[in-house]
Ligand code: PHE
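Given as structure tokens, the chain that follows is alone and in the form predicted alone.
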């Protein structure tokens, strides 16, 4: 009896769903729910069931009767479907489309610019050993230059040679790794990855993206570094923007420079935004001989240059963007992100 009722329910619901017009729905109502309908005929057998089974089957009977009744009542009174016409050429409603995050777009643009002049995009760990993040970069344990990065250390066992595990404070950890991977020059790589520092203000976030350029070969000098920077600045910021090098100190380059670009508002003339006409972009310099030696590169034969800049900071300097706070890029405010 139970299987018979369940089969009847499935059959009835299938017929109701496929009904073509109101007349067919009415016929199904009479067939299943009418005085002489199928369900009323089955109801005559309920009194003959054993008392223990009668209550269970009776409840199932009522549930099925209600389900069929509701299905018929909730089905729209459609017209005969064979008579309804529809223009198949009418365009459908397109769902709203999203777009790439501005940082993702910046990374793709930066990668494309350097690929055009022979740089290879590489990827290295964002959680790495102290050895690659500091020691191979001419910053031995206890060196005060380490303090500048305010590094996050991972609570994990220390390696006897490689030291502690850190969240990479810069993409420079990829320099010696790339030297080890290739074994010998020429090297021309750009490494783009997440970095982590304990800093948060209008121009810094705890997590940010950085792109690291490294070139090592014979007779590489500062003019090659300056030419590469000028090429990038004009490709990324526009032909009216210029760059300059200011002497600075980084432990892993010698000589070292801060790289500035002209303000996108005054183009170097000086205004309220930039004061002197220039905006700081990031660091660069000639690779320190100790870094080459850590990568087993002959520093008497080969020289190189490197640069490392924040993707978000670089993107904020694009003409016309006027992003006042770098943290807005990670606020997840759709009203802000939809502008890009």
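Note that the structure is predicted; figures quoted are calculated from it, not measured. Residue numbers count along the first chain shown, from 1.
What comes next is about the form predicted in complex with phenylalanine, which is not displayed.
Q: Classify residue 168 as contacting or not contacting phenylalanine in the predicted bound form by the rule of any non-hydrogen atom within 4.5 angstroms, answering yes or no.
A: Result no; residue 168 lies far from phenylalanine in the predicted bound form.
Q: Indicate whether phenylalanine has at least one heavy atom within 4.5 Å of a heavy atom of residue 212 in the predicted bound form.
A: Judged by the heavy-atom cut-off of 4.5 Å, residue 212 is in contact with phenylalanine in the predicted bound form.
Q: Does at least one non-hydrogen atom of residue 291 fall within 4.5 angstroms of phenylalanine in the predicted bound form?
A: It does not: once phenylalanine is placed as it appears in the predicted bound form, residue 291 has no heavy atom within 4.5 Å of it.
Q: Is there a heavy atom of residue 241 lying 4.5 Å or less from a heavy atom of phenylalanine in the predicted bound form?
A: Contact check for residue 241: no, nothing within 4.5 Å of phenylalanine in the predicted bound form.
Q: Are 253, 283 and 308 jointly within 4.5 Å of phenylalanine in the predicted bound form, each by at least one heavy atom?
A: Answer is yes for this spot.
Q: Among 99-107, 151-159, 215-223, 171-179, mark the stretch whose residues have heavy atoms within 4.5 Å of phenylalanine in the predicted bound form.
A: The contacting stretch here is 171-179.
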